[in-house]
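Take a look at this single chain, the form predicted alone, given in structure tokens.
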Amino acid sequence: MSAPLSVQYDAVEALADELATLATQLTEEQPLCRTAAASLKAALLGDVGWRSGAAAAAWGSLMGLIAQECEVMAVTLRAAVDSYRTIDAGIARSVLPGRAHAGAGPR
């Protein structure tokens, strides 16, 4: 037998908001990483400069990827909450007192 699932919609929406904010912040940091990569390559000569610049550029790319995933998760969580709230509202309307039941079925 599976356990009942309980979700606090407001908490999930708050998490979605935090993820969207994080996505924005990470996206804003990407240009700084690119600038740092160029500065490191120029300031440090040879292999050390190249490796440092490459690391900063890779970090910027990683931040972009994480930002995209945070945004996708935020959108997904909001859609899930909207869907569950719509379903809950439909169930609530169907069990209002004085309303004829449309049909027998599991609840």
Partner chain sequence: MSAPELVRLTAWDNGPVRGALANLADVAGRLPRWRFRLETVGRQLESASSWSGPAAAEAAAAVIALATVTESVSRACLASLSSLDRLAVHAAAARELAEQALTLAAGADVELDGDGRLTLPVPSPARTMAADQAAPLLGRATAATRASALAVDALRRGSDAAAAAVAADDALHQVGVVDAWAPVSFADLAFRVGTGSAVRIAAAPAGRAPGAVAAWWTSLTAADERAAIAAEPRLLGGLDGVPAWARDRANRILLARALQDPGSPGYDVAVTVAGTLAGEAAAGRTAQLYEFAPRDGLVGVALGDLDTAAAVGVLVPGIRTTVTDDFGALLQDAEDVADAACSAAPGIAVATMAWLGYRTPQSLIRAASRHDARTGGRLLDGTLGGLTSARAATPVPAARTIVLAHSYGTLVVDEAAHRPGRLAADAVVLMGSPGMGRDGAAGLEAPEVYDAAGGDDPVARLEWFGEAPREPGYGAIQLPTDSETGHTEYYDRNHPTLAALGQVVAGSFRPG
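From a predicted model like this one, the values you see are computed outputs, not experimental measurements. Residue numbers count along the first chain shown, from 1.
What comes next is about the form predicted together with the partner chain, which does not appear here.
- In the predicted bound form, the partner chain lies within 4.5 Å of some heavy atom of residue 11.
- Interface membership of residue 75, defined by any non-hydrogen atom within 4.5 Å of the partner chain in the predicted bound form, is ruled out.
- For residue 69, a non-hydrogen atom is located within 4.5 Å of the partner chain in the predicted bound form, even though that partner is not displayed.
- Residue contact with the partner chain in the predicted bound form: residue 82 places no heavy atom within 4.5 Å of it.
- Along 51-90, residues 51, 52, 54, 55, 56, 58, 59, 61, 62, 63, 65, 66, 69, 70, 73, 77, 80, 84 each place a heavy atom within 4.5 Å of the partner chain in the predicted bound form.
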